[in-house]
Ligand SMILES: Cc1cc2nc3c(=O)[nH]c(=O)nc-3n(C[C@H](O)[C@H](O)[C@H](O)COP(=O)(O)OP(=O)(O)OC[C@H]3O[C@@H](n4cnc5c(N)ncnc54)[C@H](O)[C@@H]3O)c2cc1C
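Shown below, as structure tokens, is a lone chain in the form predicted alone; questions about how it binds or moves come after it.
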């Protein structure tokens, strides 16, 4: 193996580059052989079908396949692969479940795609400290299945069964963010392979401090180290970095106690304004709601058809409450009073687990329900987030813009934390329609910025929102990010073309 690696180094270090002349994106066979020497031949593929599968996500961005796909089995292999690629100028693109929505896995310069799903161990579970360590192949559903009898769970739920380290890389959020926070609030430590192949533990090896506020957990349950003020927040630097600074190979996550009781509810409204006003009023009244999801009339119609629901076709809130039996009675009563004050009707409860699961499965399948509105077309999903006080304004305006655009689309969102999505259906063979979709998304992003919000609440920047990021953080912010990128990735090979 050592001889083969030296041969790969000799063949590629003479300034000829890693691509064969006349075959753009084709890695030299000696380099591919070096990859096989690290992970074994079964874990390397140059098949066009496999490469194309790894060159796209759920977004509208065109497929841009890597030159080769590699499946490392452990962090040592990731480190060796990264060092090998970096020393020869080969781009590196991390891949998890492929559920991203901003083209984050597109290999815009070719290179090596590292599929990390074979690293799927839960390596440590600290019940007393409410923490767990997972490798990048562990998905949120797999983790919660593992935790089923522990009395704990991991609540960050973006809808898709994404990999947890991928969720860290994109700074994911989800339906429970209003109570439990986003990935940024629930990551205690990250193990990251830097471009050089060096291994970094962002909070120190084995540490699982509790930085910041933990809203769902009473102080008497917080054991162990509560917080750390030791230097720069390196963990926060890599959350949301989208593979542009390093490869996340393990994440230490904060767990939460499973609530004693759970109740879901739905309520229909005469208008978008009424539904969103209710959201704001529920939060202002300090009702400790766990989830508040908004679905407009188009989305509700789609969910009724796709998931065999029988809900009123109107702007609707899906809510969920966690707590003791007594507390839930008070929460539901207060929430129902607020919704009725805003013209809400058909307020219904779902207490049984099966009924709640059916309701939330319909919400999680909203993407597929929307796609069914226009068979044969592709879905384009964009998201923004604004201060909760500006949510009614932007949602009402967005609904009007959607009607005026002539596009087929629906609105759905985690409105409890000011985040919502537009799912647009588009014919990819119609350039004019594609242009209108792009214009709509840009207008929505800029409206959110004008209201002191962000151009992306949870999807990330990827390929699609780089210009909006510059407008959001300004010239100094972008230049600071570029300097950080250049320091950690001076050759610009970590997921190139994304974010900046």
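Quantities reported herein were computed from a predicted structural model and do not represent experimental measurements. Residue numbers count along the first chain shown, from 1.
FYI, the form predicted together with this ligand isn't displayed, but the following is about it.
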Binding-site state, shown form vs this ligand in the predicted complex, superposed, 3 or more atoms under 2.4 Å of backbone or C-beta: blocked
Residue (of 247, 253, 177, 391) lying close to this ligand in the predicted complex, criterion heavy atoms within 4.5 Å: 247
The single option of 339, 173, 382, 82 touching this ligand in the predicted complex, heavy atom within 4.5 Å: 173
Heavy atom contact within 4.5 Å of this ligand in the predicted complex, the stretch among 360-368, 426-434, 315-323, 281-289: 360-368
Residue 131: touches this ligand in the predicted complex, heavy atom cutoff 4.5 angstroms: no
This ligand contact at residue 420 in the predicted complex, heavy atom, 4.5 Å: no
This ligand contact in the predicted complex: residue 116, any heavy atom under 4.5 Å: yes
Residue 160 within 4.5 Å of this ligand in the predicted complex, heavy atoms: yes
Residues within stretch 470-500 having a non-hydrogen atom within 4.5 Å of this ligand in the predicted complex: 495
